[in-house]
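In structure tokens, one chain follows: the form predicted on its own.
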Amino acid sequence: MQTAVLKLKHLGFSEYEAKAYMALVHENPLTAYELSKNSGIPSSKIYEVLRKLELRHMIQLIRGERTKMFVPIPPDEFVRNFRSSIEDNLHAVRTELTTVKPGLDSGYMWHIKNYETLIHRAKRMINTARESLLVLIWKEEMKELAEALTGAVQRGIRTAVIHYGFTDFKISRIYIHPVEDTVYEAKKVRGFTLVSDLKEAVNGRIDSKGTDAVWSMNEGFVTMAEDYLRHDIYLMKTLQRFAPVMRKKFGDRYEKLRDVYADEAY
């Protein structure tokens, strides 16, 4: 019962409204006095709560032999009615919003400090993409996002993925980064970058201390993330074709290639 009360509160009901409805579902019909006693709602508040529940069409008044009594709308009917009401309101809001032409501030940065929030934002970006996706990812995040990425490919979204290390994930364009051990050994961190439709991007890092990421529609930020992924893909294509020569020149783990402060080769 406590769980149901909490969920009803999340849906916008007051604690007293939730407790009264659940008490009536548990036992009915009840008088206002009996409902107050069973639910723990103060008697001074019970009639106000009952009026609100009647307005929400969650309870009905019936006449007893000597007094008024109350019964709940069956839970299945309540859920159907509530869902229909929410959908109607959302449709009305959407209709109104389409007539408004606000000035969108695309310059702000949204900082993300929670892993679940990062994954949720990434899924939303993938699921709403209309044209293209560029992704840099490790196996841990791929487990979370594989289904969404597969759905995007099936919708015809142009998708290119840079994956650190081997993966069984199959899409038309996936580039396996060959130096995952070197990168992780150097930084002890997993990077994650996602660009959707060249209009929004999220870039972050995940390590033992937590998650630190930034999402934005800022044009400069999106362009920087896009260029970063494109150049990584250019490198992957080069390595696929010239790996033996490059290992001979730069080392088995491309140590000299990754040293940006020197231009040396063997």
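In this text, all values refer to a predicted model and were calculated from it rather than measured experimentally. Don't overthink the numbering: it's just position in the shown sequence, from 1.
One more form of this protein, predicted in complex with the DNA, exists but is not displayed; see below.
* Name the stretch: of 211-219, 197-205, 31-39, 224-232, exactly one has residues whose heavy atoms fall within 4.5 Å of the DNA in the predicted bound form. => Going through the listed ranges, the match is 31-39.
* Asked: With the DNA left out of view, which of K237, H26, H57, K45 would have a heavy atom within 4.5 Å of it in the predicted bound form?
  -> Residue within 4.5 Å of the partner: K45.
* Is Y16 a contact residue for the DNA in the predicted bound form, using a 4.5 Å heavy atom cut-off? -> Y16 belongs to the contact set for the DNA.
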